[in-house]
Structure formats: structure tokens, C-alpha cells
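Given as C-alpha cells, the chain that follows is alone and in the form predicted on its own.
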Amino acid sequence: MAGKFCVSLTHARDDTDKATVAFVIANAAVGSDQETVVFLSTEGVNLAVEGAADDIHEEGFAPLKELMDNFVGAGGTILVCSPCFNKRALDENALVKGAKIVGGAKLVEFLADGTPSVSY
């Protein structure tokens, strides 16, 4: 990988446009040979659960589930904020492929060397 890139996403069904565009950018980053992480926090953690993205399809974009599957298939990593996930009492046994529940320290570790990050 040539470098690293982070996409921070705080939305799911509350703003499907931002959720979709976040994964479009993440796919562009991983497709550009960047070690890429999507960090899901606050409402964004809902996307870490199987089925949550299945019917989200913004006009002009690929369906969100397809974008997420493509991202993971290309080697991208989805990190999920542990406190945000637990606060919403989501099922950790129903995580989408490639998602990992982590504490904030994992994000700090990934970004600590000056890794660029965008937020949606």
C-alpha cells in the first residue's frame, strides 16, 4: 500500500446521502492503493449490522451495501466505535463482513502518523 487514508462516518439512515458518499470515497481510496479505514461512530455504527444497508440506494450511486461489500473485498477495513455500538444495544454477532468493534485508541493509532482523514 502506498499510504493510509481514513473516512470517518457518523451517519446511517439519518443521512443516507452522506453514508453513501463516504463509502464512494473509501472505495476510491482503497482503489488508489491506500490502506483505508472507515471509522463508524455515533449513528454510523448502525451500518455495521447485517441488513442495515440493504435497502439504501441513493440516486446516481451504487447501492450502499454493494459499496460496502466492494470496499471490504478490496481490502478496506471497517472499524466500529465500541461505546457507540454498545450504547445502541446492537448485536455484535450480526456484524457485516470486515467490521471490527474497537475503542477510540485504535483510531488514534491509525491516524497518529498524520494519516489524512475526511468526515461525513
Partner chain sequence: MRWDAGRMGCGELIVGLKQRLATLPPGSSLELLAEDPGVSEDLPAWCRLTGHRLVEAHPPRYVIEPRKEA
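Residue numbers count along the first chain shown, from 1. Note that the structure is a prediction, hence the values are computed from the model and not measured.
One more form of this protein, predicted in complex with its partner chain, exists but is not displayed; see below.
Trainee: Choose from 81-89, 67-75, 30-38, 49-57 the stretch whose residues reach within 4.5 Å of its partner chain in the predicted bound form, heavy atoms counted.
Mentor: Comparing against its partner chain in the predicted bound form, the contact stretch is 81-89.
Trainee: Taking any heavy atom pair closer than or equal to 4.5 Å as contact, tell me whether residue 102 reaches its partner chain in the predicted bound form.
Mentor: Although its partner chain is absent here, residue 102 would touch it in the predicted bound form, with heavy atoms inside 4.5 Å.
Trainee: Is there a non-hydrogen atom of residue 18 within 4.5 angstroms of a non-hydrogen atom of its partner chain in the predicted bound form?
Mentor: No, residue 18 is distant from the partner.
Trainee: Mark residue 14 yes when one of its heavy atoms lies within 4.5 Å of a heavy atom of its partner chain in the predicted bound form, and no otherwise.
Mentor: So residue 14 does not count as contacting its partner chain.
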